[in-house]
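The chain below stands alone, shown as structure tokens; this is the form predicted alone.
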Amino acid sequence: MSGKPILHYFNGRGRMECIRWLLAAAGVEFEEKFIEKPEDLDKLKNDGSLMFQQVPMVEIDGMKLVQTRAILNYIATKYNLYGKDIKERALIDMYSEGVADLGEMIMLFPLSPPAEKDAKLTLIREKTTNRYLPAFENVLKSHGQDYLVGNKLSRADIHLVELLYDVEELDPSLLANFPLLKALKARVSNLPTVKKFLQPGSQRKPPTDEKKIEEARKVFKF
């Protein structure tokens, strides 16, 4: 046993990608065991590894953790990416939840029926430019510091920068009016651990395409 965290999920972004980002940013090497067929998922369910019969699941420090937010909270706490006190942690949670709201819309977008795609994309663009990105731009503007909370890198910055990459993949023009967010993206992307994760050949997963959706459908039967 290497002692590295082991991530159990299919070979795609989904709900595991934010966990990959956080571990990578923290400089933590991890292994992945990909769920490639329904039987792989059934095995995890049947051996009691999945408390709620679902993934993501991360083996870390002798535990089998499920539920994305619980996993992220543990990693952030363990690697000092969760603020210095209860007030900072509340802000980090609040910002991370905002990121997750928009991130969920973007993550589910490829699954939209073709007839609904244009309307969904319009809604995502509207919420991105009128609700979520202005809120984060204003946070950075209000204190003039390099990071969202306490002038120190936290999970909120890492989640937000992952989201900014997702937004850029969807439509690069959406970031045009947010200079402080673009500066944060550049700053975090140049941290050695993140820079390594952004290189080709890393454990970062490519954007979700039709082939990946079909693979996921076969495994998770949705």
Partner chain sequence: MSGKPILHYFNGRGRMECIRWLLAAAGVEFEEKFIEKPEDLDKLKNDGSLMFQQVPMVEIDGMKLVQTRAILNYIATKYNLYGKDIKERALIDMYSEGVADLGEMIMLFPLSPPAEKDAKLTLIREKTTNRYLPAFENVLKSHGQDYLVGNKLSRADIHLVELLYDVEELDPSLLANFPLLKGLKTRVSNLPAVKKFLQPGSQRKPPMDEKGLEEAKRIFRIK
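Worth saying up front: this structure is predicted, and the values here are computed from it rather than measured. Numbering follows the first chain given and starts at 1.
Below, we refer to the form predicted in complex with the partner chain, which is not included among the displayed structures.
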(message) So, a 4.5 angstroms cut-off on heavy atom distances: do all three of Y74, R89 and G98 pass it with respect to the partner chain in the predicted complex?
(response) yes
(request) Pick the stretch from 56-64, 28-36, 184-192, 171-179 whose residues have a heavy atom within 4.5 Å of the partner chain in the predicted complex. (result) 56-64
(message) Can you tell me whether K117 touches the partner chain? I mean in the predicted complex, with a 4.5 angstroms heavy atom cut-off.
(response) no
(message) Test of understanding: in the predicted complex, would D93 fall inside 4.5 Å of the partner chain by heavy atoms?
(response) yes
(request) Indicate whether K43 is a 4.5 Å heavy atom neighbour of the partner chain in the predicted complex. (result) no
(request) Report yes if any heavy atom of K84 sits within 4.5 Å of a heavy atom of the partner chain in the predicted complex; otherwise report no. (result) no
(request) Pull the contact list for 107-139: residues with a heavy atom within 4.5 Å of the partner chain in the predicted complex, in sequence order. (result) R131, Y132, A135, F136, V139
